[in-house]
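Just the one chain here, the form predicted alone, laid out as structure tokens.
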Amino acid sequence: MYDNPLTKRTAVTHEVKISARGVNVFYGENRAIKDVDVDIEDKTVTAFIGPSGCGKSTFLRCLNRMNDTIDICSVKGLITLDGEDIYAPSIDPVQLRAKVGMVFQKPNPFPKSIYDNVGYGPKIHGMAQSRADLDEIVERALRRAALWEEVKDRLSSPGTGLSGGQQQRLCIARAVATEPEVLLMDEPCSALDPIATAQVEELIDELREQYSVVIVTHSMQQAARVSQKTAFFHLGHLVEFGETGQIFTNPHDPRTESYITGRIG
């Protein structure tokens, strides 16, 4: 068990940002996600935890239709963003991904300058009318990612030349540059050292003031540190979902307790 400062916080209820009902995900005949129901709140960090292969990343990728890129993958059920079905035929996945940004496990900057890494999304989405507009968007995104002071004098340098932790914050800046409403993070610290991890965790805590953040993490300590809500996945099922403090100190399901105490994993 971990000491969790979140248990001392007063619970604050935010409005539901993403709602999932009866979600099943199939890879061919194999059902990877089984009847998941969950409400993800706005301006809250929600952590998905569970053993490797339990379905947490697969479910995360449903929330911005990244699974559409896998030919044998099919998603059934209803997922809404602000009450709108994100799998409706009228929804353009590219526009959806501007609203629901994603940061991956390994930092993956484009082979472009720091400036172009951040400015690329806003440019293709027509968010900047002029170079001055784009300059402003790039600076704002880099500030939000706590990277501006470190890179402001070398914006034309390649993004790939930054340290691992800086590259991951650059990817976060790139994700927030399109003014998303939701930020998905798939194990964003697993390739980082402890110092860079602490910087990204601090940043996640700041980002929730503006976004709904959903993070998949293999680290229970990280989930306890950064999230207000935690979902425990096991064998494709969402076993338990609730306040992070409650999940870690007083889980209702014996499988959750077994995972948290290290008996399954």
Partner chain sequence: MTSLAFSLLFALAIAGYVWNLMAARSIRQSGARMHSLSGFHGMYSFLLAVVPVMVLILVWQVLKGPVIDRMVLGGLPPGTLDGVNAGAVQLILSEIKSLAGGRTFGTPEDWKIEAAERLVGLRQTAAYSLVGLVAVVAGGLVLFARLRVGAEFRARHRVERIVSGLMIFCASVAIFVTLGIAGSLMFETYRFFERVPLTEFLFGLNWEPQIPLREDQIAAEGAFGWIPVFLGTIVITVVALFIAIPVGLLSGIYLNEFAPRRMRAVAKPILEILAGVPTVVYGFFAILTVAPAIRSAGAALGIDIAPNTALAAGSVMGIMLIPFISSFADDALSAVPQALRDGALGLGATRAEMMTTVLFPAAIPGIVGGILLAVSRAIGETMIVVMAAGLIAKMTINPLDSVTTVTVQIVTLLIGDTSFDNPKTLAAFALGMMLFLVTLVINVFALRIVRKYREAYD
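Residue numbers count along the first chain shown, from 1. The model shown is predicted, which means the values in this text are computed figures rather than measured ones.
The same protein has a further form, the form predicted together with the partner chain, not shown here; the description that follows concerns it.
Contact annotation for the candidate site: R97, F104 and T160 all lie close to the partner chain in the predicted bound form (heavy atom within 4.5 Å). Note on the partner interface in the predicted bound form: the residue among K152, K112, K76, R143 having a heavy atom within 4.5 angstroms of the partner chain is K112. Here is the short version: of I124, A132, A88, I195, the single residue with a heavy atom within 4.5 Å of the partner chain in the predicted bound form is I124.
Proximity of D71 to the partner chain in the predicted bound form falls within the 4.5 Å heavy atom cutoff. Although the partner is absent from this view, L207 stays clear of the partner chain in the predicted bound form, with no non-hydrogen atom inside 4.5 angstroms. Though the partner is left out of this view, A175 does reach within 4.5 Å of the partner chain in the predicted bound form, counting heavy atoms only. Contact annotation: T80 falls outside 4.5 Å of the partner chain in the predicted bound form, judged by heavy atom distances. Stretch 58-66 is the answer when you ask which of 58-66, 224-232, 26-34, 40-48 has residues with heavy atoms within 4.5 Å of the partner chain in the predicted bound form.
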